[in-house]
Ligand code: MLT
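In structure tokens, the next block holds one chain alone, the form predicted alone.
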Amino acid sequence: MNKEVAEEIGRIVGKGRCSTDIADLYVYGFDASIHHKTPDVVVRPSTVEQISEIVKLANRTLTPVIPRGAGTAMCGHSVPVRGGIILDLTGMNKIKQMRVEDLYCVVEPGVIYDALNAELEKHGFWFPTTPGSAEACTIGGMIATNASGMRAIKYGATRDYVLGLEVVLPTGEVIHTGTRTLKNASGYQLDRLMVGAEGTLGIITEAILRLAVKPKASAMTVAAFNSLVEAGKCVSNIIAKPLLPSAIELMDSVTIKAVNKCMNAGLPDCEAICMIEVDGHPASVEEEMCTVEDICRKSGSISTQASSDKKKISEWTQARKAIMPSLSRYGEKFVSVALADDMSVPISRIPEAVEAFHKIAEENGVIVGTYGHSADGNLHTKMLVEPYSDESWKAGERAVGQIYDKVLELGGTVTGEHGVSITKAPYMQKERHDSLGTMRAIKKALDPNDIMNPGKMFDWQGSIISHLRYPAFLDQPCERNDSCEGS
């Protein structure tokens, strides 16, 4: 990108909101993934008008634009693989309207998930999608990736709560999609198209979100098993009862040991545990918790511990959320990385999936921690690699391919909640092979100059072990010759 473009961006947003300082550029080259690439300029716009002008400039000069929230994305969504402009939207963080009587609120993209729920709770409502990075992630980022979390089985994903959007298109045009009504059958559902598009079709500058009533009570039980397969069967047995829990979190022995070692969490020392949460009216919660414990025992549980105490439930939930950083302390030479990370399979196929994942890890000589939001079939397999070892990365990538092949064989999908971007791209392309042409046609129609978060998803080519934040494989060629500038 030439100097004149950066200077013009500075004039659009004003002094102090645009930087080409090498330190700023370097840190904005990361998100929570394994990837890194330095942008050409970082911009912190404060209005939709500024964003529109920046995008018009980028479209004229064929400069890539990468929208960014809090940088909690796991697959390289905000990593600028072809350089260009990072648009930091965290400063646009106003809750503009709170219309609980109409079951919606209007927010800017930089509003943090937990901050929104703190305001909604005052009125007895919440936005219940519960991402793992709730204390940091932004609503705009959640919409861009269709984020969800442990409570998706009962409450759905972000897409289910988006009523309408304000979007800056790749041409700089500002459009409004959806409505402020709970029902809408008016034309193409363009808001649905933008949710999960990962910043490749436009920039979300405002969202109208549907609200849910916050449950009055909740309870959780921790059930221990001597077999990971038995724990997986327990999940499908609960759903088939029929009983709809608010969450079921599965942890294998690797993740249990890591969390107990790192946090002294006191989780049962066993092959697997299920953390099962129910919520609703207090009387219903009590009845459902008794049913859950009975199903756990009949499914082979060796112990159960139940609690309706909010502090205890929070302790268990925090232990589950601490899995990824805890795994990096599993052994001195390992780091925990998001490779085969958030696949989903039909709920009844969970036992087959988790058994296959462990077998694949053993055959490839890698360590995999298996856990996840098992109530809706959404599993996570954090892999432990030696970051300075090329062989370790190769073994990890080999295992990833086999894991995703198994997921697709079981009728699953390669990503349930984290999205595609770089790390899932080759596997998404295999899964969606017959609709890639349609996706590319939509992208071409809205973004003819390919400036919006280019080179991701269906346009990624080659290995995912590329643009690493770790000092291994740095001599590997980039995925596209026309974008090789080093990292």
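Treat the numbers as computed from the prediction; the structure is a model and nothing was measured. Position 1 is the first residue in the sequence shown; the rest follow in order.
The form predicted in complex with the ligand exists for this protein as well; it is not shown, and the discussion that follows is about that form.
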Ok, 111, 74, 195, 238: which has a heavy atom sitting within 4.5 Å of the ligand in the predicted bound form?
74
Considering non-hydrogen atoms and a 4.5 Å limit, which listed residue (212, 106, 324, 285) is close to the ligand in the predicted bound form?
324
Does the ligand come within 4.5 Å of any heavy atom of residue 277 in the predicted bound form?
no
I'd like to check something about residue 82: if you look in the predicted bound form, is any of its heavy atoms closer than or equal to 4.5 Å to a heavy atom of the ligand?
no
4.5 angstroms heavy atom contact with the ligand in the predicted bound form for residue 161
no
Close approach of residue 320 to the ligand in the predicted bound form, 4.5 Å, heavy atom:
yes
Non-hydrogen atom within 4.5 angstroms of the ligand in the predicted bound form for each of 132, 373 and 417
yes
Of 401-409, 217-225, 287-295, 379-387, which is the one stretch near the ligand in the predicted bound form, taking non-hydrogen atoms within 4.5 angstroms as near?
379-387
